[in-house]
Structures are given as structure tokens and as C-alpha cells.
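Just the one chain here, the form predicted on its own, laid out as C-alpha cells.
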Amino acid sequence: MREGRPSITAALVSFARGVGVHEPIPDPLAGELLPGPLGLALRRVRDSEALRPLGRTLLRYASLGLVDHVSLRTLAIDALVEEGVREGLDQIVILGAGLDARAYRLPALAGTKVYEVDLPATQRFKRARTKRLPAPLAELVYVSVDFGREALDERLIEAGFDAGRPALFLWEGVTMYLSHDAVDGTLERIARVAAPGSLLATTYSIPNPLGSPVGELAKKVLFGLVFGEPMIGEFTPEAMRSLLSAHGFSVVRDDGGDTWAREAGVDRHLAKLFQGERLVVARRA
């Protein structure tokens, strides 16, 4: 993360959510949360009926499919959140929340309590930007965690999280930037506060999804050298299932972009370059 600002990938994710692949867009508030040129460009396209269709098409292609991929991933997780709330899960924990605006934009979260977990500097930046937004629909609690020195489970309890009731944990677009040990350690902390019946939804990257050494090299150059955020954590579906099982979670869903596109009713051809990311949903026994 850049000092005092969200990471490049967090900003790009928010930008993609604000562009979308069709109306309604996943995150109409992204333009207010994003800093500088990204926020300005997004607001200009969003607020102009004449520019919006052409602008969206240009941005989708210019992003090489990132807009499509992130939008479809967001829609899939939004649907999961709505399903979890209908099930009675009224504690939502968003790990590595970045510029996530679900507490402000998802009507299903009205009456729930949303815990956003992230680094202190990221949250200071975001809280300053949210002054531009209307009041959140959910009761929003910021949980600042310095992951090198503080325990996630302890900080959640201190913030008022009730470990005696089931919750929904979202961990979107993070695990690929962590070592296997770090993912394992975080799952251990989640398991300590996840009551039976809790759901965990996390995305993860599989090794070499395009089957191309050139593609793997391009990924390392783009994320490691250009963005400064190397992707170091990859799992096969079998390895992820085994890891979740070791922490008391049983997988109920594990799918990728083809499924997300089908559920959204859109074509996924632009997002093919990002087919290595999957969404796994698991329930605490």
C-alpha cells in the first residue's frame, strides 16, 4: 500500500466496480471514493448519459478485461451477501476492505452490522472520502489491524463482534498477494471467532490458468514490477478445500468467471485473461 492512500490494486478494483459491464453498475459510489484522475474520469463517464455507453465500452477494452472480471466477481459476491442476510447472518466482516462500499450501496445490509477490516492508513484515507457519501445503510464499524503486530480475532472482539453468533466473512481479491503461511494464519484467526453456521467467501488464484509460461511471466511483471504488489499465493481447488477443511470449514461452492457471467446474464469474453481467480464459499461446521 502507498503511504496514506489505498493500494493500486484496491483503486483499480473500485474503478472497475464503478464502470461495470451494464446498468445498473455494481458500485455507483466508487467515483466519490477514488482519488485523483481515476475518480474524476469515473464521475465524468457516470454522470453523462451521452458519454456513458461509449465510455464504458472503451474502458472495458482498455482495461484488457479487468473491468469485466471485477464487475462479475462483485456481482457474484453481492448476491452471496444478499443470500446470507436472508439466511439470518446479520454480522458481515469484510477483510481487506479497501474502498469497498457495500455498507452504503446494498439495501440488503440495512439493519446489519458491517465490520470493515484493513490497515489503519487505508482506513484513514477511506473515512475521509466517505464524508462525500450519504449515511451507510448498515451499522458500519471500522476495525483497524496492523497485521504484523495485532491479532484479527482479538481486534474484532474488541470492536463488538459477537463470536457466539454466525457471521458472513468476505475476503475478496486478497489471498493472491499473501504467502501460504499468511493465508493459513488468517484462516486460523477467522475460525476462532466464526460460530457454527458462519459462511466464509474468499477468492483465490490457481496456478498458471492459461497454461502459458509467457502468461505467468506477464503476470509477475505487471503485478510485481508495475504495481509493486506481487501475486505470491496460489492454490489448486483441492489445496484450498483441504486448507479450509483443516480450519473447520466445508466448501459449498467453488467456481469462476464463467459461472459469474452466466448468473449475471452477460458474455465473458473480455475477462478471459483473468480466468485464474475463483470464488470459494465454505460453511463453518
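One rule holds for the numbers: they count along the sequence shown, beginning at 1. Keep in mind that what you see is a predicted model, and the values were worked out from it rather than measured.
Only in words, not in the display: the form predicted together with a small molecule, which the text now covers.
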Contact assignment for the small molecule in the predicted complex, among Thr122, Thr130, Gln91, Ser205, heavy atom within 4.5 Å: Thr122
Listed residue that, although the small molecule is not shown, lies within 4.5 Å of it in the predicted complex (heavy atoms), from Ala108, Ala191, Leu178, Ile157: Leu178
I'd like to know if Asp118 sits close to the small molecule in the predicted complex, meaning any non-hydrogen atom pair within 4.5 angstroms. yes
Proximity of Tyr142 to the small molecule in the predicted complex, heavy atoms at 4.5 Å: no
Is Ala16 near the small molecule? Define near as a heavy atom within 4.5 Å, in the predicted complex. no
State yes or no: in the predicted complex, is some non-hydrogen atom of Val174 no more than 4.5 angstroms from a non-hydrogen atom of the small molecule? yes
Which of 130-138, 165-173, 83-91, 192-200 sits within 4.5 Å of the small molecule in the predicted complex, heavy atom basis: 165-173
